[in-house]
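Have a look below at one chain only, the form predicted alone, in structure tokens format.
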Amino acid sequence: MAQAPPTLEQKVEALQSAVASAQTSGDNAWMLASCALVLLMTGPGLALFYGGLVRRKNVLGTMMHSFILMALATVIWAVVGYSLSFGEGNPFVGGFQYLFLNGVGMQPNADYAATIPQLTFMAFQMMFAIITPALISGAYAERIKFNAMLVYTALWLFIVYFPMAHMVWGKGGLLNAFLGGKIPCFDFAGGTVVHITSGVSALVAALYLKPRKGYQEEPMRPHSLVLSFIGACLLWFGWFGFNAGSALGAGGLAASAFVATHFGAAAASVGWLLAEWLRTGKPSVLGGISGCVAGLVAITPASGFVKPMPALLIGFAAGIFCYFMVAIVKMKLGYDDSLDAFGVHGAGGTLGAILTGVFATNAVNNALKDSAGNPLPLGLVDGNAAQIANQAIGAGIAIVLGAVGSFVCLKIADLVCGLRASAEHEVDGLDLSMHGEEGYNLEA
């Protein structure tokens, strides 16, 4: 029997369904690629970057920190971490409705990402939970016991990372500007959640563990800047997933964050090298790659809120400021932050968070609207000077939580298994003493 031709309404409905399906497929493809890019930042990116900066006898142990956290943080995240970060709870921590990933499947969670499966959103956020504690490892490299590192990190995720992630990104979180937070703090991809918490926690860890044996008395130069150079380039590459992926879709906002990320890294490399060149007379490879990471850190909270020219300014300022923190402040105060986790991530993340309040504009991100549906002013450039104070409050909460939380985790880990490697093990190197291996076989 002949069928009646589809009505106009049916054609429109079918077209809308096809468009929605295409958008979901495109967004999901970009987000899965972003997941892989962010994981690449930890291993091999951070592992190579940190591994090359330590002495030869500690290269495997240092790289192992990044690798094992890819495993440990994943398991904790799947069991309870995602729920505590993105479940509905109170302003400070989420609930348990997603325990063991219950209810996390193919359907989107409209509160967080309406066009991708919640399973994809969960996986993307998991990559942030992996790399954040790995950043801290740069501060205690070459002197922490491996079992103590595992205990400290597991505790740190519960006490610091999950609450901070919920406060900034979770529904009803204290600092969530878009989902009911009382203090609207803009953090597009992790300035407070990732970099300030890890950087400040790193400083506390460095102070608690005290300096490496022979610090400031014998040379502790990087054993392979070649490895670190490759690692830095992989970090720059992976950071596009870190920041542009935080748009949670493959649209214009992702493109804007992508460009801001690249501009921030480039300008910071120039800023750091310029400051170093003027002060020491030589622009070093180590300075260039350190500046690159500093710029990536500083642009992270701002990447989805600022135009390209302010991204250049933020990056350039970060390069100079982080060089000052690493080359001058650290030397004057004498603390042994082995690989400058605080000087780059803590300082750079704080600077980026504050400057986000200056340069954020609804011309880039108009997701925040009034009751009539009109975009609200975001930062100082939009006429909202009060946002600088909100950013400072958010940064302050991250600093306090990172410092206090890190100390508590260190203390517990120290009581459980002892933190510091013995003097003999430290002299022999952690590769042999902790893992029974050597990074290089130099036999004929």
Partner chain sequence: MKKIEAIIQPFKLEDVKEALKAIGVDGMTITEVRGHGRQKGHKEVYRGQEYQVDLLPKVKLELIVDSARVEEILQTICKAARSGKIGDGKIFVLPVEEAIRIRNDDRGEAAL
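The shown structure was predicted, so the numbers you read here are calculated from the model rather than taken from an experiment. Numbering follows the first chain given and starts at 1.
From this point on, the text means the form predicted in complex with the partner chain, which you will not see here.
Taking a 4.5 Å heavy atom cutoff to the partner chain in the predicted complex, the contact residue among Met126, Val326, Leu227, Val80 is Val326. Just one of Leu46, Leu410, Leu378, Leu53 comes within 4.5 Å of the partner chain in the predicted complex, counting any heavy atom, and that one is Leu53. The partner chain is not drawn, but in the predicted complex it has no heavy atom within 4.5 Å of Trp239. When contacts are judged by a 4.5 Å heavy atom cut-off, Leu339 counts as touching the partner chain in the predicted complex.
The partner chain is not shown here, but in the predicted complex it comes within 4.5 Å of a heavy atom of Pro222. Shown alone here, Gln216 lies within 4.5 Å of the partner chain in the predicted complex, counting heavy atoms only. In summary, the region of this chain contacting the partner chain in the predicted complex, judged by heavy atoms within 4.5 Å and restricted to 259 to 267, 326 to 334, 173 to 181, 296 to 304, corresponds to 326 to 334.
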